[in-house]
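Two forms of the same protein chain are encoded below as C-alpha cells; each is given separately, as structure 1 and structure 2.
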Structure 1
C-alpha cells in the first residue's frame, strides 16, 4: 500500500522490545515496515527483567507468550520499597502479579516473530538526519563503514530509548525535572554480603542479591548525595566506598562484572506525535528504573501505536486510510500521554520513598497503613500492572449469594447480598460474619495473622492467639482495629503441660468481657512448629519428634476437645495441614507425620459433629510467604515458586481466603474434606511449555 516510490510504509528506529513488537504488529496487518537499529547484534546486558500483567496479556494475544518458556513469578513486588502484592490489581487476572523474564529473551522472541512476518531489520545503522515533506518522511542513516543512505516512508516511529535521536532530530518539546538523586549499581564477583531488599540503614539504602552464577548485584544510595553529571560509569572503588559508608561492609576486593549509575532525571514529550513522526517507550518518557515499569510501558505504548497506525494506513477507498484521517494517531497521544505522566508521577513518588532519608519515614508509615486496605493496594497495583484500577474495573462478583439471610443461631454465618462493585463488595464482606466469634491459633504472624485479619474484616470478633511474640500479636490486633474490626490477644505456649487450659482461660475471659458469653463459632487450628530445612531423616531425634507432635497434633486435638463445650451448633473447625502429606520431601518427614495426624482430626470429628451442624475441614497450604526472611531472597523465592503450577509462592492471604470460605455460610455443605490450597503444587511437574 505504500506509494511505489516509497521504501516502506513505516520506518521504526530502535529494535528494542517496543520497536520489535510494533514492527511485528504492523507487518501482521499487512503494513510494510522497516526497522533501523544502531547495534550490530542484540544486547545481552541484563537490563529489564520483569513483565507485568497487561504486558503478559499483550504477548498472549499475539500467540508468543509460550515462546518465552516457563516464567517464574517475581514475588510480590513493592511500591517505593514498601511491599505491594501486584496480584491485588485483579486477583482473577490470568497473569496477575509480576513475571521474571530477562529483556534479552523477550527481544529474541519479538525479533523472531517480526522476522517470520517479513520485517526487515537494518542493523549497524544510525539515524543522522530527518526531513518531512508533504506526505512522507525521509530518514538519513549512516552505516558503521561510514556510508550513508536515505529511506522514505509515510510515518517514522522513534522507539530508540531515553537518549532518542528521533526525538532530537524531529524537535519534540519536552517537560521534566533534572536529576537530584543517584543510585550506584554493580554486579560484583567474589564478594560475600547478605542478600537484602531495599534495606534502609542510618546513612542510606542498600540492596544486594546473589545471582545464580555467584556474583552479587548491589545497589546503593547514600541519603542526601546529589546526582552529578557523569561522562563515564563509576568504578568499583567508588561503589565500594559508598557501600562501606552505608553498610559498613567491604566489597572493594571483588571483581566488577558490570558497573553503572542511574539518576532520577524525569522527562516526557508534550506530544507523542509531531506530524509524521511518533514516539513510543523511553523515547517518549524517561524515568528512573524503579519498579520495573519502563519496559512494560514501552511495550504497551507500542501495542497502542501499532493499532493506531494500522487504522490510519489500512482504510478503504482510493487512497488507503485517508478517509480515516489522523484521528487514530491523535488518539494514540491522548491515550498514552496521561498514562506516561501518571507513571512518571508514581515513579517520582517511589524515588522519594526509596531514596529519601529518615525524613520520609512518617510518609512511608502512613502509606504502608493505607496499603493494608484492599482498595488502596488494588489502586497502586493496577497502576503498575497496566490494568484498570478498582474504581474503573467492572469487578467480577466474587462472594455473592442471593440469600440475604439474617444471622441465625443455628447457622451463625450471615448470608450476603449480591455485590458487583469493588466498594460494595468491601462493605458487604464486612457483614458476612457479624455476630460471630473466632479463635485463630498462631495468628501473631504468617497465615494465622492473614486469617485473623480476613475473618475480622468479615465481621467476626477474633481471638488472636500466640506463644512468644506478644508484639506481633498486638500488631495483628491493632491492624484489625484500625480497619474497624474487633479482636483481642491470647497467650499460651502449646505443646507444654497445661497449655490448652491456659489458652481457654484467656479465650473465655476475652469472649465474656466483649460479648457477655463464652461462645465460639469458628476455630482455626493454625499454630504449627516446623523443622528447619536440611535435616536428613536419619538425624531426626526422638525429642524433636515429640515436640512436633505435641505442638502440631496433640494440642489441636485437645483444643478441639475442649472447644466442644464452647462451639455453637452450625459452627466451623478448620485444621491447617500441609501439602507435604501428599508431596514427598524426606527432610520434612517428621513434620509431615504430625500433619497426617491432624488430618485424622478432620475425618473423625466431621462425623462426630455433623449432628450439630458443625463442619470440620482441612486446608493444606503449599509453600506460603509467611514473612520469614527466606522470602526476601529473590533466588530462593524463584526456586520455591517453581513448585506451584502458577509459578509463584503462595501469599498468606491466598490461604486465608480459602479458610474464610469454609468458615462462611457458603461452606455449609463441605465437611470432612481436604482442601488443597497450594496453588497446584500437588499436580506434579508441568508436561511442557505453558
Structure 2
C-alpha cells in the first residue's frame, strides 16, 4: 500500500452530478479536491432527465446552462400522476417549470468543468476503508486490478448514491421505512406503443414516452405487487410480462437499452455531518424517483455543501488553509436536513397516489379538486421546484449558504431567450399541445375528425365524441394512435334529455383513467345537425326547428356550461359555426339560425371568461369536403369550387389547422372573434383563382 496522499483538502467519493458540481465549486474557490469513482468511464445511461427551476438557477449561476445545449421544456409536471403546472411556483422565475436534460449530458458538462478547474478524478477505484485521525480523514481505495491505495484529506464527502459506501463506513445513523412497492423501468428500442402519461389501468399504472433516438421508455407497476430484494436488475422478459399484464401490449420483441427496478424505500440519515465526513444527495437520503426530485435534491445539496466547505476552509474570503469554526458545516445540516425530510414526505404521498390501487381514487379526486385552486397549486409546485413560492418572486432559497442567487447572473437556456422563456412556460405552447387534453364533439368524421387528428398530432390527449357511429369513432382513435398520439372515444347522442350528462360522464372517466384527473384544456364544439337539401323555408316544421336548436345551439351552450368546472385557466373554447350566417341560402335558414346562436355563445362567454384567460372563438367553414357522396361527383365539386376565392372546395384539414391555431399559444390574443375559414366564399364569386 502506498503512503497516504496528503495533497488534497477535500476528497469526494462519487462522480455523479452532485459530486462533480461540488468538486467544481470547491476548485473554483481555490480548494484542492480529488474525486474517487468506482466506474472506469462515465455512464451513458439516461437515468434521471428532469431539471427544476432552483437547479436551473444554480447551473446558470455557474455558467453551465450554455454548455448543456438547447434544453426543451418538460411539460407541466405532476404530483402523484395528477397534472401540476410547476410554473405556478413562481411564474416570473426565468426558469419556471421543468426542463429535460439527460443525466449523462449533465455529468459530461460538470465533469469537463471540474477538469478545467484542476479537479483530479481517480476512476476505477472503490472505497473500502475509512479512518479519522485528528485533523484528517484517510480513505482506503481498491482498484479493479486488486491494488490498494490510501488517500488523505481534511474533509471527506460521500456523494456515492443510495447504497453509499461512505455512509456505511462512517457509521451514519439512518431512519426510514422499507420498500413496499416497486416499479419496473426500461428503455426499449424497436417497439411501437402509444404514449402514456401515468395511465391508471385496471391492473396497474403504465407510462411510456419516445426518446429522440427512437427508443421508448416504459415504466410499469402492477397493483398489489410487493417490492422484493434484487441483486441484479430485471431482464426484458420480466418487464415485458408485467407490461402485458397491465396494458395488454407486447414489447418482448424489442431490444433493451437499459433496464432497472426501483422501489419506495425511504431512508434519511439523522445528521448530514459526522465530524470530518459529510453526505450529499442520495447518500444522505434515499427515495423513490417520483416527480424527478432526486437529481435536483442532490445538486442542491452539493451547491449548499460547497459553499459551506469553502467558508470553512477559506475563512469566508481568506486563503485556503485559514480555517474558521464549524458553524458553516453545522449550518449545512440545519438547512438541508429539513428540506430532504420534506421532500421524502411528499414523495411518499405521491407513491400512494400513483401506485395505490382503486382504493386511492377518492383521495386522487379530492386532491385534483384542491389543485384547481391557485394557492394549492403554487404550494405544491414550490415544494417540488425548490422555490420559496410566487409571493417571493426571484428571491431563491440560499440552502444555508451566504451565496445569494443573483438574477443578473442567470443566463438563458441555450437557444432560448428570456423573452421566449415565458412562451415555453405556457401550458398551451406555440404549435405544441403536449400534456393538454381536448374534447372535440362530432369527431368521428369530417371536420371533427380532422380537428381531432391535428390536435393529437400537436400532443393533446383527445376525447373523440360520437353519437351513433361507433366504428367511425374507433377508426379516428386508431388513426391517432397509429401516428403516436393519444385518444379515446366517448358516446353521447346530443339533443336528447341527459345528453350532456352522459357526455361528461364518459369524458371524465376517460380523462381520469389516462391522466389521473378530470381536467380539460381545449373544447371544440363541432357536432351539428343539418336540414335536408331542397327544403324551402316555409316547409320547415316546428319539430325540425326544435331538433336543430337542441343539437346545434342548446347542446353547445350546456357543454360549455358543464365544461367550465373542468377547464383550466388559460384554456380554449372553439365553436364551429358556418359561413351560412353571412351568406344567404334560404334552404338553410333554420340551420343558419342555430349557427347564429352559436356565435352568440362565443361572443358572451368570451367576455365572461376573459378574467380566467380562457379564449372563446368561432370558426366558420364554407363548403368543405366531409366525405359525403356529393364530393365524389366531379361536376358538383366543380360548381361548388367556383364559390371560393381560391377556386377549390375546402378540405377538412384546412379548417382543422385554423382550429389548431386558436387552440395553441399563438391564438392567445384572439377571443370573441368570428374567423372566416370558408376559403374566401364570403368575398363573393371567385375571380381568377379557378
Ligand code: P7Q
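As the structure is a prediction and not an experimental result, all values here were calculated from the model. In this text, rigid core is short for the largest set of C-alphas that superpose within 1.5 Å between two forms. Numbering follows the first chain given and starts at 1.
Note: the form predicted on its own is the second of the two, structure 2.
Residue 451 shows a C-alpha shift of 2 Å or greater between structures 1 and 2 [criterion: core-superposed Cα displacement of 2 Å]. Taking 2 Å as the criterion, residue 248 counts as shifted between structures 1 and 2: its C-alpha moves by at least this amount when the rigid core is aligned.
After superposing the rigid core, the Cα of residue 276 is displaced by less than 2 Å between structures 1 and 2.
With both forms fitted on their core, the C-alpha atom of residue 237 sits 2.9 Å from where it sits in the other form; this compares the forms between structures 1 and 2.
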